[in-house]
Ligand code: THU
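Presented below, as C-alpha cells, is a lone chain in the form predicted on its own.
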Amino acid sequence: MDHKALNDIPVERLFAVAESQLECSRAPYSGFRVGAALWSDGQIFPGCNVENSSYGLTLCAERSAVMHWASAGSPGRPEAIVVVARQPDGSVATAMPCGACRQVLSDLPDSRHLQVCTGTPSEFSIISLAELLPHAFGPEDLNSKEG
C-alpha cells in the first residue's frame, strides 16, 4: 500500500462515497454490487453498477462515475477512482476495473496518471491506470486532442 501516491486526495471520503453507492447498485442477477467514486477538480463523482437482463448492456460502476463526471461538464483532470465491491453475501470483493472500464478510463484527460484504488478504507491497494492498461488504444492513436 503506497498511500503517498494519493497526495492530497481525500481517500477516506472517496471510499465513503463509493461504499454509499453499493446501496444504489442494481444487481438483481448477480448480486455483485459495485460502487465507485471518481476524484476530479476537487469534486467527487459517484457511480454504481446497473445490471441489465441483456448482460452486455450492464453499466459498471466505474463507467457510471465517468458518465456522471462527463454530465457535470468534465471538470478538471480526474486524478483517482476508488472502486468497492461486495459479493452477494455482503463480503468484500477486491475488484479491479474490467477491460471495458479500463478503456473508458484511458480516454480521460491525462489518464496515464489516474490512480485506481480498491479494497477497503483500512486496507486498499493503489495502481496507476498505466500499469493496468500499459498499451492502451487512445485519442493519440486517432490524432485527437481529447484525452
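Note that residue numbering follows the sequence shown and begins at 1. None of these values were measured; they are calculated from a predicted model.
Below, we refer to the form predicted together with this ligand, which is not included among the displayed structures.
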Exercise. If you check in the predicted bound form, is Ser30 within 4.5 Å of this ligand, heavy atoms only?
Worked result: yes
Exercise. Does Glu51 make contact with this ligand in the predicted bound form, using a 4.5 Å heavy atom cut-off?
Worked result: yes
Exercise. Even though this ligand is not shown here, does Ser40 get within 4.5 Å of it in the predicted bound form, heavy atoms only?
Worked result: no
For this session: Verify the contact flag for Val82: yes if a non-hydrogen atom of it lies within 4.5 Å of a non-hydrogen atom of this ligand in the predicted bound form, no if not.
Result: no
For this session: Could you list the residues in 68-105 that come within 4.5 Å of this ligand in the predicted bound form, counting only heavy atoms and keeping sequence order?
Result: Met96, Pro97, Cys98
